[in-house]
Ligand SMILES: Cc1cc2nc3c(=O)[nH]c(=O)nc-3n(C[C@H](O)[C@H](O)[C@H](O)COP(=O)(O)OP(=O)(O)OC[C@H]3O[C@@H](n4cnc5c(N)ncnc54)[C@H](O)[C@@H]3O)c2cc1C
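What follows is a single chain, given as structure tokens, in the form predicted on its own.
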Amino acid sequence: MAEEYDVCVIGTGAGGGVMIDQLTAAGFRVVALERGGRVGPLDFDDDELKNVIRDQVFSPHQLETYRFDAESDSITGRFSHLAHCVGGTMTHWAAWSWRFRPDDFEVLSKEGPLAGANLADWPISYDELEPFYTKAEQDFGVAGDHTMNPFGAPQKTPLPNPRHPERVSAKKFAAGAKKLGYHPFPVPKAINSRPYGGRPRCMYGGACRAYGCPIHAKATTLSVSLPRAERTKKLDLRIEAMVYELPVDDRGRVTGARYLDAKGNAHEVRARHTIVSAGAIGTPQLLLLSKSNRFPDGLANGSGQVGRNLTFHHHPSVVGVFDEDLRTYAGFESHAAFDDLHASDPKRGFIRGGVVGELNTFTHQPIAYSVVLAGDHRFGSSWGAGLKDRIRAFPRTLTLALIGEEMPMEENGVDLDPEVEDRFGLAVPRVTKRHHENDLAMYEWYEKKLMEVAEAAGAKHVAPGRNPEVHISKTQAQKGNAHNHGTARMGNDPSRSVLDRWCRSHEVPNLWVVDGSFMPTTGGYNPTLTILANAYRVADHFIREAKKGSI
């Protein structure tokens, strides 16, 4: 009989990578299955065409469908901003590293029910996660100064690395924010501001989000967690392994995983525990593919909650053109932010909020900049002389944007497309997504505030950044995002959630999920540090209970 591993981990990104690292360090024998191949510094450069436009490095085989609601037709394409490779989507993250605030864990209790939304409290508190935030910050070398954000979560331990220097755009942004009475601060980043953890300091090349770091100054599971795990000799990492089924035995326990290699040949691994970390799009796809007589609607889906409550963040933005070179093409995605407007305020007509930052999402990428922002007709036209003038403004342009908390809606989610299959003949994930009225009200309110900040900062021309990829309305939604959450919620009620407080299935005792799927709500912050911290928390529990023989 084939070897039975202690643990099978599916996915090597933020959640899976930390679990692999912690479990192998504790002596567990782990087999890790990654649908993509190995990538590394030799694959990483700032070629926008290769990395972003054609997506040839990170997820060349990605395929999914999208529809606005259950009555709408689906369209096929790549909408989610993912990386199917060793290290997962974190490999090309922008490294913003926030802690959620204590109230982010109690949205239903703090706000009360909201018609049309499926609000919920987390089954854990900020205080329970706090020591694991510290662990994640230390391991991934977060740089910044937590004392400079008076509205951030309380924390007991300083960040391990000093803050990065400001770039010109950050100084402009901060000056505008201060003029309006806000409190700007440097964005905490898991990017080395000095040599740390055996990795060098950042060289400020400008390509972080959607790009790999060629020197590993940006912390990822590829540069931090997986090398440590491989050194233990306890890890069997199998690449280009597309998992298509989690089989169960007569007792309803998962026995491991079945996968297809690059040539489509089927394989099976056996393990006493299976940990799924395929992301909030891939995890529900896999659970729904794993049907059996015992689980006819998909594995761990007796509640019908697998795939539901998909949330992104929404991003109202404005684009300002200044007189001077702002250097946003250098540095990383964002250097400065303010959090003054984050908390709920009933006078605004919506609940919740988010953090505001300056960023270079488009202004470090000339092609995307030219295509996406060409519709700003104050330059005359979207082609010819108008387009040339717009391109000449490239170094003087700054974007301001919100990381806005979306309201979870049960009808938003991921299921299996009944018609479209991938290269292996597997049903692709189908995303159904529209926005709650609260999202739309928040979007409009923040867009006006961002206009005020840009003008206070000295921008000569200011316009809303309403490109079709991010603008939302009653009839238009984001089709995909890099921030994906909520499709396998954790909670105390098995009829309303998929996972318990330890991210263990309510129905399958040796099945765990540790990617962004577990989040009941999403705060107004980039989620990766919270996914990392939660994985450290789950790993700590797993190891402790395994030693007692209670799992």
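Residue numbers here begin at 1 and follow the sequence given. These figures come from a predicted structure and were not determined experimentally.
A second form of this protein, the form predicted together with the ligand, is not displayed here; the remarks below concern that form.
Could you tell me which one of Ala94, Ala120, Val269, Ala336 places a heavy atom within 4.5 Å of the ligand in the predicted complex?
Filtering the options by heavy-atom distance leaves Ala94.
Interface residue in the predicted complex among Pro184, Pro316, Gly144, Gly279, criterion: non-hydrogen atom within 4.5 angstroms of the ligand:
Checked against the cut-off, the match is Gly279.
Pick from 387-395, 80-88, 130-138, 295-303: which stretch has non-hydrogen atoms within 4.5 Å of the ligand in the predicted complex?
Stretch 80-88 is the one.
Residue contact check: Val39 to the ligand in the predicted complex, 4.5 Å heavy atom
Because no heavy atom of Val39 falls inside 4.5 Å of the ligand in the predicted complex, the answer is no.
Exercise: Ala14 in contact with the ligand in the predicted complex, heavy atom 4.5 Å:
Answer yes; at least one heavy atom of Ala14 falls within 4.5 Å of the ligand in the predicted complex.
Hey, in the predicted complex, is Gly486 touching the ligand, heavy atoms inside 4.5 Å?
Heavy-atom contact with the ligand at 4.5 Å: absent for Gly486.
Do Ile10 and the ligand share at least one heavy atom pair within 4.5 Å in the predicted complex?
Because a heavy atom of Ile10 falls inside 4.5 Å of the ligand in the predicted complex, the answer is yes.
With the partner left out here, which residues of 482-517 have a non-hydrogen atom within 4.5 Å of the ligand in the predicted complex?
Ala482, His483, Asp515, Gly516, in sequence order.
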